[in-house]
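Given as structure tokens, the chain that follows is alone and in the form predicted alone.
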């Protein structure tokens, strides 16, 4: 009889546990939109690698009973309609609690209104257009804006060169990079002798480089959407002999991305950029990060800035989940994101400006040099350890 009672009690306990367990379990769904096909797939792969590496190393660092599900969707490139469609599916069908990813600014601009209407926090891993945040209260940015690098680079360039030419890709980030550099350069006393905006799709850089060479500036400021576009533009610069003509190649970090640098050849040597990350940085957190990355993806692989931006975005999301013990609320999530800060990022200390929801980045002056037989973006000077978006700083009411 006693054994029967014990068995009944044990069974009841087990049944109670089985019933209660699902009530305490919580799966947080993260809609991850990136470019997994088409010409921009290399950039999308960088974001994906950052997400995969973070999940492998930190995916279990959540409250008991809480888990995360990453739902990946392909926007196929700079295609706003496709991005809007997959974001809507993630919100309505999959009922995600977060949206993230996004290589392209036009895509982020298309997603932002959906995020606002549904009150689903949207954290940009890469899209850098400064104006997309203005009417998107449920959006935050963990990547960068082009003004953060282009504007201080303009000030630096004015101390070394008197005449500059700008060449940027013809879409919002390119326009903003151009505007930021020109403002900084002119404030420093420099003269802009010419500007050109290059089509984003299938660009032929040779005619533009010839036009720049003929103008005989001392420096060429450039921006392009990284990856293969950066290599093609670099090759055109080298093939037409702009360096031999005394034209210094400078720009945002997009023109010498770490993952693509080895494909650029000696033409890249001496190219100077301002950016928030370099795989060659000697910071202990970065050296550990690069080692983990190379263990996962190959000893000859370097993480580009998109990998790091995706890594930091996941850390911000996980921080918000932990702070809410897995019971995420969009209003509380946005308040937590506004307070996010980390001094363990591979880029240095990174945080979000609570007033604008924009990332506050360190910025470094970098030069491409050969280190141990390989090209590297060597950080030669810290421009600042905490740069807010200069465009908003310069235009906000006094």
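Positions refer to the first chain, counted from 1. These numbers come from a predicted model, not from an experiment.
One more form of this protein, predicted together with P-hydroxybenzoic acid, exists but is not displayed; see below.
Checking 286-294, 93-101, 185-193, 124-132 against P-hydroxybenzoic acid in the predicted complex, the stretch whose residues place heavy atoms within 4.5 Å of it is 124-132. Note on the partner interface in the predicted complex: the residue among 233, 306, 83, 317 having a heavy atom within 4.5 angstroms of P-hydroxybenzoic acid is 306. Residue 144 is the only one of 151, 277, 144, 311 with a heavy atom lying within 4.5 Å of P-hydroxybenzoic acid in the predicted complex.
Heavy atoms of residue 171 reach within 4.5 Å of P-hydroxybenzoic acid in the predicted complex, making it an interface residue. Though the partner is left out of this view, residue 224 does reach within 4.5 Å of P-hydroxybenzoic acid in the predicted complex, counting heavy atoms only. Contact check for residue 302: every heavy atom lies farther than 4.5 Å from P-hydroxybenzoic acid in the predicted complex. Contact check for residue 75: every heavy atom lies farther than 4.5 Å from P-hydroxybenzoic acid in the predicted complex. In the predicted complex, not one residue of 345-375 has a heavy atom within 4.5 Å of P-hydroxybenzoic acid.
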